[in-house]
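One chain comes next, on its own, written out as structure tokens in the form predicted alone.
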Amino acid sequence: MKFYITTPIYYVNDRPHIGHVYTTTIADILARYHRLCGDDVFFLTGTDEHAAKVVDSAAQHNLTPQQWSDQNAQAFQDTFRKLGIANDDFIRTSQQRHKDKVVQYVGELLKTGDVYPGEYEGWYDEGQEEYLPENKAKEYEFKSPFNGKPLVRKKEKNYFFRLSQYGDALLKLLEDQPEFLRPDARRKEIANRIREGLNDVPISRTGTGDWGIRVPGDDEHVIYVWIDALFNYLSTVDTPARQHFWPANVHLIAKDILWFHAVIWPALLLALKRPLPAQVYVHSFWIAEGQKMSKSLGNFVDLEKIDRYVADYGLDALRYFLANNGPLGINDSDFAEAKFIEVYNTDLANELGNLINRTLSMIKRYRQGVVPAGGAAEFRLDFTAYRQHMDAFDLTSALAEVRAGVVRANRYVEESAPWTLAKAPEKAAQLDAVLYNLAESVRLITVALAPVMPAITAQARTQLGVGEIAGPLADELTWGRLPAGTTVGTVAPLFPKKV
């Protein structure tokens, strides 16, 4: 089976921060999971570059918009590479491969009449480069809901997309396929907004120089950055070699761009008569120490703070915290240092690291480093529920299943007391069974955690004496696959405890 997952493409005027890192890490975990399942995976991320503000920022730095975009897009690529993100492609909207496709798609919409020329007057959010409906502008007291700056009353000639024609089709989509938009609360929110009525939306602007993609047949109009950006999900795979990946299985986004992805994007695809993505999954935001993140408050988790966490605790510990404690649901999550240290010391050092270290050390001590043959399986772990949660995009519950297995295995050590069995030669077979069960538990746990902590699980498997996970996942999570006679490697702590 194929599995195509996307992140948003990130605004090139920003530096990478915890929001970008979180979304991309979660997408990476799901891509790695599906690769282990044996799926044909395509994982896409990238940068959104044709904003008018890019032109302004470039001028302030004495650079062309292309040079400014090149510099900042490289910062995202370098950050993701440093954080071990295994994306299959990195799309940039300034690339010709993308621009050519956008011209093609808008040309198709012009031919069908779904895009048409007109004139628009309304409240314009200069920071987001978008218009707000009158009711929304009033609701936000004529200020931007994103940065609080006053909205601008603006009148201009535009090309419009006939969004108003697709309200019924979108409501039917949400009713017939509730899994299209998750979590469920987001689906209900969007359905209620659609029922209020949809207006046609302007999709072009004038007076921006050469930066951007021209409306086909009209050199004065440039396609708005947000519609240009949405097309990246299709443009990247709309090639003979990649077309089998469409439609996307999951668009992973944050809640601030929900409307574009849950309403405008599927409407554009309906107009183009293209298959719709299977799911748009919407996560919430990180806050810091109980407060909204703000550079002025000094609690913003930027690249420097992320680098410090990686240096102090390891990249995989950061990935575990993001996956286990992140805002995948409708509530924001707190990135508090005390909580991070607690999770690291409890889940990773005291439980997981302790289980691996004590298991392998006892095999070294009592069986000369060779995994004995197992006896009666009075103990075994079952990760069926883990797979169900991962398939359902519920990383927190999936990791709870793994942690429960770790806790149970540690309890099994205490209950079976191998150190006591080792003193009784007549109980050698019982000791063999206990040691095998523990070693096999470690193997299963490394398989389940591999998408989340690829480097640490690789180290643990080297210590256990087994190689890379061969897959498929269903086989690897079957109890009893660890060969007796496996020689344990050098044992060393994986998670040094922090204070």
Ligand code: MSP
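Everything numeric in this text was worked out from a predicted model, so none of it was measured. Heads up: residue numbers just count along the shown sequence, starting at 1.
This protein has a second form, the form predicted in complex with the named molecule, left out of what is shown; the following refers to that one.
S.K.: Considering non-hydrogen atoms and a 4.5 Å limit, does the named molecule approach D48 in the predicted complex?
M.R.: Although the named molecule is absent here, D48 would touch it in the predicted complex, with heavy atoms inside 4.5 Å.
S.K.: Evaluate S204 for contact with the named molecule in the predicted complex, applying a 4.5 angstroms cut-off between non-hydrogen atoms, and reply yes or no.
M.R.: Result no; S204 lies far from the named molecule in the predicted complex.
S.K.: Tell me, yes or no, whether I253 is in contact with the named molecule in the predicted complex, where a contact means a heavy atom of each within 4.5 Å.
M.R.: Yes, contact at 4.5 Å.
S.K.: Do Y11 and the named molecule share at least one heavy atom pair within 4.5 Å in the predicted complex?
M.R.: Within the cut-off, so yes.
S.K.: With the partner left out here, if you bring back the named molecule in the predicted complex, are H20, A229 and F285 all within 4.5 Å of it by some heavy atom?
M.R.: Yes, the whole trio is in contact, each within 4.5 Å by some heavy atom.
S.K.: Given the stretches 404 to 412, 276 to 284, 132 to 140, 352 to 360, which is the single one in contact with the named molecule in the predicted complex, using a heavy atom cutoff of 4.5 Å?
M.R.: It is 276 to 284 that comes within 4.5 Å of the partner.
S.K.: Of these, F161, Y233, Y224, Y166, which has a heavy atom no more than 4.5 Å from the named molecule in the predicted complex?
M.R.: Exactly one residue meets the criterion: Y233.
S.K.: With the named molecule left out of view, choose which of I257, L173, L151, L315 has a non-hydrogen atom within 4.5 angstroms of it in the predicted complex.
M.R.: If I apply the 4.5 Å criterion carefully, the residue I get is I257.
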